[in-house]
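Coming up is one lone chain in structure tokens, specifically the form predicted on its own.
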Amino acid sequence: MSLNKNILGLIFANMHEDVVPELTRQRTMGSVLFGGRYRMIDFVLSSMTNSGVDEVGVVTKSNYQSLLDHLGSGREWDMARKIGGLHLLPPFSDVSSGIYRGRLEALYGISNFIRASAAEYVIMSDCDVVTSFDYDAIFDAHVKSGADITAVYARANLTMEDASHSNVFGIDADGRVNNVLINPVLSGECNIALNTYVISKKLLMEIIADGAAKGHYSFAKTILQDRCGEFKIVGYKHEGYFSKITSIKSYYDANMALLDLDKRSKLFLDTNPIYTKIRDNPPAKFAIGAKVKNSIIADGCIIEGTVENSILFRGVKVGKDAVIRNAIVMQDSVIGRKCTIDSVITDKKVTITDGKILTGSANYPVYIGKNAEI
């Protein structure tokens, strides 16, 4: 089934920023860099494009300048359209909207936009999950089950730390969600919510109006948890590869997992490509004597030293005799001559001057903020 104009996509770009405050201090969760050339929003937005969703609203809250710059008109995702296409929805865009506390308040702030859409159904997704969703299959399952709400989840192991920033579903024998735990204290194999939901526009507008009248702001608590028995909430099990960002360590691990060819091929599917903003950089340049092993090197990089088990974003410069291991070096950063960095995350435009040694560990990677000079 082709979704096309039957579905309105809503992407919440600022949700879950508290789990990686280092990375979201100057940007939204949706604009956090990932995998050498992507942003977190690229994965959910590309999934919508690949499934034929041609009208998408991106709901923002704060720090969204880099997100606006990244998305532009939506051309890279085939969203630059006269009808439908990509819509950026910042706070205060409507007289009744403002800085929201949760998903329900955010929906109330954009209720006029939702009401004006010709779509019959709404897909809501966040930007904290790295995966490739098949929204065609999710929507078909929603219609077939007769669900009020379809909630996407994955079966996987959770650590205690990850669980404290996740929602967990109880699923009965019929596939219905019969219990919702919000940020529980537990560990082990669980049904992890992937913060993606399908709902009819009619029901969503009723939920928004009721929530506004009662002062509710949390969709997870007020609808999924408190009214679990009232609504028919059906779980859809996502079988594809995924990484959920719940901390700076999980962000580090999710990036480093891409160095495994098997995991990388499961995320970047030939049938569902991941699109991103194009930069007209030259190919990466490797000087005589440079050594690179098991790494992802983006376009525009200049490598004169040694890079092992690392991810280098666009435009990174690595000086002569520098050694980079187990690191994530973001866009336009400069690593000086004879530097050694291990288990480090550098944000954009970081400069590490000649001869510096920075060492973290896989469990506690060192993070260096945007524009810093060391």
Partner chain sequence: MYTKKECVAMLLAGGQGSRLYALTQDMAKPAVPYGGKYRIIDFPLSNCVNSGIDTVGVLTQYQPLVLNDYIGNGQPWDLDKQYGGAHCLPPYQTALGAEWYKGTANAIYQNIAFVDRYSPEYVIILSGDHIYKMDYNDMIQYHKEKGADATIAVLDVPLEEASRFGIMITNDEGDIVDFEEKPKNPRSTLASMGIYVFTWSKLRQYLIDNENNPDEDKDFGKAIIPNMLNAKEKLVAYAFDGYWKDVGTLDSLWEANMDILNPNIPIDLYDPDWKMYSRNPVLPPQYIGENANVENSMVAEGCIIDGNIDFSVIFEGVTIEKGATVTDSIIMPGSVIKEGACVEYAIVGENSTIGAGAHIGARPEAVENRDDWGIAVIGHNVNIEGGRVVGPKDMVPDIRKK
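Numbering follows the first chain given and starts at 1. Remember, predicted model here, so these are calculated numbers, not experimental data.
If you look for the form predicted together with its partner chain, you will not find it shown, but the lines that follow are about it.
Check: Since the chain is shown here on its own, which stretch among 118-126, 198-206, 271-279, 220-228 would lie within 4.5 Å of its partner chain in the predicted bound form, judged by heavy atoms?
Finding: In the other structure, the partner sits against 271-279.
Note to self: I'd like to know whether residue 105 contacts its partner chain in the predicted bound form, with contact meaning heavy atoms within 4.5 angstroms.
What the structure shows: No.
Next item on the list: Give a yes/no on whether residue 211 approaches its partner chain to within 4.5 Å in the predicted bound form, heavy atoms considered.
Entry: No, residue 211 stays farther than 4.5 Å from its partner chain in the predicted bound form.
Next item on the list: Look up in the predicted bound form whether residue 242 has a non-hydrogen atom within 4.5 angstroms of its partner chain, and give yes or no.
Entry: Residue 242 lies outside the contact set for its partner chain.
Notebook entry, point to check: Does residue 348 make contact with its partner chain in the predicted bound form, using a 4.5 Å heavy atom cut-off?
Noted result: No - in the predicted bound form, heavy atoms of residue 348 and its partner chain never come within 4.5 Å of each other.
Check: Among 158, 168, 302, 248, which has any heavy atom within 4.5 Å of its partner chain in the predicted bound form?
Finding: Answer to the contact question: 302.
Notebook entry, point to check: Pick from 143, 186, 80, 182: which has a non-hydrogen atom within 4.5 Å of its partner chain in the predicted bound form?
Noted result: In short, 80.
Item checked: Contacts with its partner chain in the predicted bound form - residues in 275-297 whose heavy atoms fall within 4.5 Å -> 275, 278, 279, 280, 281, 282, 283, 284, 285, 286, 287, 288, 289, 290, 292, 293, 294, 295, 296, 297 sit within 4.5 Å of the partner.
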